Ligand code: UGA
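Below, in structure tokens: the form predicted alone, a single chain.
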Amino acid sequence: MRVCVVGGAGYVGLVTGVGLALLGHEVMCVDVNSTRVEELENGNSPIQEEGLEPVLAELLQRGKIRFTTSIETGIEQAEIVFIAVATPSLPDGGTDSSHAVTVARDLARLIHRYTVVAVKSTMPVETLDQLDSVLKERLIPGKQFDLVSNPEFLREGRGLRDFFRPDRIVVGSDSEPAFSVMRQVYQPLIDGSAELPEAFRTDTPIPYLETTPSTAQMIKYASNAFLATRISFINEIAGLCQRLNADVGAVVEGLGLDPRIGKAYLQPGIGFGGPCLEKDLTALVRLAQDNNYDPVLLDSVLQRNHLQLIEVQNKLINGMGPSPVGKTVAVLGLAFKEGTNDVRNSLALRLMKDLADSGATVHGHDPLAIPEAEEQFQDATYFENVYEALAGVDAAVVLNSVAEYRDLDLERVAATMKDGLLVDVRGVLNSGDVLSHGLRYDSIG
């Protein structure tokens, strides 16, 4: 099929476009970011994603995927248009869907044949209604367009794997012709006929769920809210474990052995940030409030997440003495999770800002995300080498579990730090080894 992905140089849009092209569709990715479009046309991905660049290069060579800044060019031949634009949070916790509305206005002006408009971006149900109304101003529903909700469930760093090995595909619509088009889009994936690289193949049947648009959107919101709840839950348990001298690692292991629970998203840490969990949970809380429903549990999940960041900050400040003024802290791990260069809504950057505002000097290190972090937060010194980042610091905090941090040369660390406080938020270091090198150790749980 002929496919257009609007927002096709962003994370969701790019993974979606590459995935659909690898399924055999003709894909045109549209984006307003001309710099990213030029990079992608040259085969260079602006996002760090396992296996993406080799696949992108092959698809470009075969002419299966193209990039443009012109939405007119993008949808000229399209049978289906995916909307994958950003939907950031508003100051009141609501969702800024203005980019999607702008796209809908363009589509209403440009669509000239029956086209399915599939929304990948996460947005409240009323926004889908708004997009539908905008399209209806010029187009006839069911004849010239149908609007579909097709939420994404991609984990950054494993996006392509998740596209080709999804736990489920969810399509929400009120139109049988639209359902038929969406089945054609995903059929090579569902029936296993797609010729995929070995790393992306699966023999496991893929659940394909057809439902209403509002239900499809709620599946996405509910999924992220549940994952966020698990993170806040284990962070609260970890704090209690530390006060009771219990081993939270063993607690997680014991929990995970229960098949009703499992181990996923039960890793204590600084909390959840990034482009999805906090944003979507905040939007769901706001949606509940707007509909006169008191989201007691969801509110508490957000509160625990806020307190978790403060707890990590306090561990650093209290460990350095009565005041952070004149102290230097190294923050190891700047992206919102390991394996990506995405710093959107990263708790690491919030921690760095809080430390700087408290009078501390801040060093930053990350294997992938230094340029992106520098762009977002300039009041820190960034180092490509982790040991240079640790040189002369009073304390360091480890925020992700990459091998570079797990395998730190503790003898070298002890020799280079001014005062050897290591706050191991992810539990990647062996506390006995740290202490045996004359360093101080603290953790979550």
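The shown structure was predicted, so the numbers you read here are calculated from the model rather than taken from an experiment. The first residue of the shown sequence is 1; numbering continues from there.
Not pictured, yet referred to below: the form predicted together with the ligand.
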Review point. Should residue 272 be classed as touching the ligand in the model of the complex when contacts are defined as heavy atoms within 4.5 Å?
Key: yes
Practice item. Answer for residue 139 alone: is it within 4.5 Å of the ligand in the model of the complex, judged on heavy atom distances? Key: no
**Study point:** Exercise: residue 365 in contact with the ligand in the model of the complex, heavy atom 4.5 Å
**Key:** no
**Study point:** 4.5 Å heavy atom contact, residue 220 and the ligand in the model of the complex
**Key:** yes
Check your understanding: What stretch, of 258 to 266, 320 to 328, 241 to 249, 182 to 190, brings heavy atoms to within 4.5 Å of the ligand in the model of the complex?
Key -> 258 to 266
Practice item. Select from the listed residues 306, 155, 143, 201 the one whose heavy atoms reach within 4.5 Å of the ligand in the model of the complex. Key: 155
Practice item. Only one of 370, 298, 206, 227 comes within 4.5 Å of the ligand in the model of the complex by heavy atoms, so just point that one out. Key: 227
Check your understanding: If we check the ligand in the model of the complex, which of the residues in 418 to 445 reach within 4.5 angstroms of it by a non-hydrogen atom?
Key -> 426
